[in-house]
Each structure stands twice: as structure tokens, then as C-alpha cells.
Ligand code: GLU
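First, one chain by itself: the form predicted alone, in C-alpha cells.
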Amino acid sequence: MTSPLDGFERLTVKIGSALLVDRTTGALRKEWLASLVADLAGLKNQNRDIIVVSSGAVALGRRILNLKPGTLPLDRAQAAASVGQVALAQAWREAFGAHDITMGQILLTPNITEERRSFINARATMGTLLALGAIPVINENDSVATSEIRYGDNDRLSARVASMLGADCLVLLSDVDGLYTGIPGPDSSAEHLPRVKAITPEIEAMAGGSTSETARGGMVTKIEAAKIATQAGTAMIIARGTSRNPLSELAAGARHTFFTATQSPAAARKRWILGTLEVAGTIHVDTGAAKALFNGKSLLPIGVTRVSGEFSRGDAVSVKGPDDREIARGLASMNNNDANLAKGKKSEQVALMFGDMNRTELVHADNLVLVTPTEK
């Protein structure tokens, strides 16, 4: 039997509060967490990139602060999140430490995945963590988020993170084992759907309310997450995570629902940069730089001959070769003023010029797409 996780090289795994925190006592389920991390360590040992999106900060914090059950006012929810984030990070650090794996905590707010300037910074940080062999553990920054400015649930947050990092699979571990045609139950005729090839209005209608007291969106937000993920080229799996070693159970054939990606992550990102973003400026490069780009390298200032237009960090720019033909598009790592100052200079000089700036590429390879005649 093949595992539904086979063939995926970069996995994002989302864990809900109901799995991580005991509903009755509010305490961390340490043995369950240890079993999950053992599964994640096994996947990492297969040379896969692992990203974790973890709920649980508010639930842990309210127990530490002895806050009463029930809905918390915003100020107390933020205080609980502040305390709980420390406890949550410590729990993940200890669990991964048992396998000699380093974790890094990332707290996100919606602007970070939705505004290109912040997007570039966050993506670079998490990408560097992965390159260094660490596992990013991500949560919404509930200590500062408000009801008006927040993701609202970690299902959609995990889909945004998966698409940001080009993950080819997102696994939502929950207290349900997938999508049903109706509300499942002993007396229900609802049928389990093992695979969803496209998210149609009929599929959306099957997403009922949550059956969990601790879940904030139930199946509705999971379907919305699936729409975000699959359109970005990320396959998605909904699987039950209540038992120990849930990913091992999934690999062994546990019931789940698999949502097929509409395209690859690379193709989705290419389409976004080429077809969606308005070009704000143009960067002209010499022959050497053009050749480097065709070999998959980043665009360095030393190969830049001219900069035109007004653009900010994160804006889309066109890259033109010596013959003035467009050869690539990408997201600028500098604004036009800094790019003009840096052009023609070596990376070491650029680093000295900008002091605390440690990324000296004008357009990083991860944010650059080559343009072929058929795409222009």
C-alpha cells in the first residue's frame, strides 16, 4: 500500500487546538505531541522539508493565567496568547530536541502573507530555516491580532503558509477524518469522500458547521483552505489526528480526504508573477547576468547596467537583456533608489553600503521567473 504522502518533498502540517490541548484540563497532551514529532522526524529523515502550523497558544495561556472557561474578551484573549505562545514554543522545542532537531518560532499576522514586501521577508526567513535543517513552527500572532485584522483560523493560515513556501502538500490534522457528503454520524447516510478533484459549489455545500467545541471554523474553513492551497499548486489532505502517531496512521492507510492540486507550486507561482502582478519598473542586465539567470541564479547588482521606473521592495519588475528584450520577471528585493546605487557593484560592496542589509540580491532566484517567447 502506498502512502498518500509519497512523492511530496515539502510538507506543511497543521495541528488544531483540540489535538494539542486536553479539552477538560487545558493541559498540553505531551505524549501525543511526542508521537507526532516522532512522525515528523521520520519524514524529515527522508530528506523532506517540514513546516508546522500549530494552534494552542490561547488554550495553554488561559490555563496558566487561571482564566475561566468560556469566550474571552479581546484583551484577555491577547494576554492568554502572549503567555501561551511561550509555553507552546517551549513544548515544540523540547519535543523536537528529543530528535536533535532545531525548531524556529514564527508568529504571523495577515499582512505578512498578503503584502508582497512582508511576504518576501517572511518567505526568506522560513526558507533559510529549512535550508539550515530547522523546522519552522508557525502560529497566528494572537497577542496583537484583533478581530478586524486576523486570519481567524489556522486552517486558512496554514494554506497561506503552504503556498508562500511552495509546499507541495498540506496536511490538516483534525478531529474528523475527511469530508463527507453530509453531517456524519451513526444514523447518517452521509458518505465519506476519499478524493476531491475540484472544489465545486456542491463540494462547498457539503461543508457543514463544526462538530468540535474548540474548532473555530469546522469544515467550512477547511474547504476554504483547500481552495487557497490547490489553486497555489499545493495538494491538501484532511485526516484524523486524535490518535498517537497520526501521520504514521495516515501513511498506513487511515481514512482521509485528498484534494488534488490544480497545478504544481512552481507553475502557480510563475503564473502569479507573470500574469497577475503589474510591472512597476525595469532592470537592464549585461550578458553575464542574463546567462546566470538562465542557469537558475539570482540577479545580483554587479550585472545590472540600468534601472528605470519607480518601484518599492516587493514590487514586480521586468528584467531585460543587452538586446533590450525581456528575459525575466520577478519581485524586487530593493527599491529603485537603492537598486540604482547598487548597480554594477559586487555583493561585498553592496553589503557595506546598506549596513544591516544581509540580502544583496536585486531579485532572488526564488522570486524570479524566466520569460519565454510563448509567455510574453
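None of the values given here were measured: they were computed from a predicted structure. When you see a residue number, it is the position in the sequence shown, counting from 1.
Unshown form predicted in complex with glutamic acid; subsequent notes refer to it.
Only one segment in the set 344 to 352, 51 to 59, 65 to 73, 313 to 321 has residues whose heavy atoms sit within 4.5 Å of glutamic acid in the model of the complex; it is 51 to 59.
Taking the partner from elsewhere, N139 is found to have a heavy atom lying within 4.5 Å of glutamic acid in the model of the complex. By the criterion of a heavy atom within 4.5 Å, D168 is excluded from the residues contacting glutamic acid in the model of the complex.
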